[in-house]
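Presented below, as structure tokens, is a lone chain in the form predicted alone.
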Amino acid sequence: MALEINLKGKVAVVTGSSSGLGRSIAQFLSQAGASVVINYRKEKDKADEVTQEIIQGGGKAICVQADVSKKEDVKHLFEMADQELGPVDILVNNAGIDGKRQMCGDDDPDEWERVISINLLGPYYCAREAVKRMIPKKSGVIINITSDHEFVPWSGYSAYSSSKAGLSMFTKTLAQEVAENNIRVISVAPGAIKTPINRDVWGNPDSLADLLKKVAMPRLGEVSDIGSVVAFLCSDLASYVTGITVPVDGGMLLYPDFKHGG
């Protein structure tokens, strides 16, 4: 008998799912049978497109505008999910930004706070709404999309790296808090993934060659590499996995520059 990722009957909220990683995650969850809430902040046309793709493919999806850094927007997001699909079973905190490259001391504190608000406070606001719905059911999965930069510092992006490291610890702490309710909380840390937002890097032969030196495998990741892992982790096939970070990075954390010696 073939193994199957089965999410039939589940309701999933995927933040920042109008494009890139979020779009792929939403599509994979739908293909596994989940009903999906497509969330966007500004790109309504793209969010509508993803929603219609899922519906036309035989799935169920709704589209909801919300800025995850605003508590009232997040509350509205989950209320719409309740009304249209039912209480959430799966939350994927994907929405995030890297912000402007600024060295500490020469930076804009407002920009630092903006990155933290979206990347760390946003997942917190969403998670607290999710657990309020998951605890009565004694089940649920929360996936936080972090980054290899929860482990690896990135000069000029201290807000981004700090937010991802903070989100990793939030994952562990929340997992500890809700485990007795059969709720699992996991981080997924993408490495170098080809998305529209970083096209200027992988679309340039010189910068692509430099980036590939940082990856052990001989290619960059595709958005499907993240979507498939998230779908697996949300399923009962991963029912004993919680409180960890799963890197999906082609071996970037192996520090391949060291393969020829220290």
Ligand code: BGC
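Nothing here was measured: the structure is a model prediction, and the numbers come from that model. Heads up: residue numbers just count along the shown sequence, starting at 1.
Keep in mind the form predicted in complex with the named molecule is missing from the figure; the text below concerns it.
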One residue of 127, 192, 80, 186 in contact with the named molecule, assessed in the model of the complex (non-hydrogen atom, 4.5 angstroms)
192
The chain here is shown without the named molecule. Which stretch in 86-94, 167-175, 71-79, 146-154 comes within 4.5 angstroms of it in the model of the complex, by heavy atom distance?
146-154
With a 4.5 Å heavy atom cut-off, would you call residue 197 a contact of the named molecule in the model of the complex?
yes
Close approach of residue 252 to the named molecule in the model of the complex, 4.5 Å, heavy atom
yes
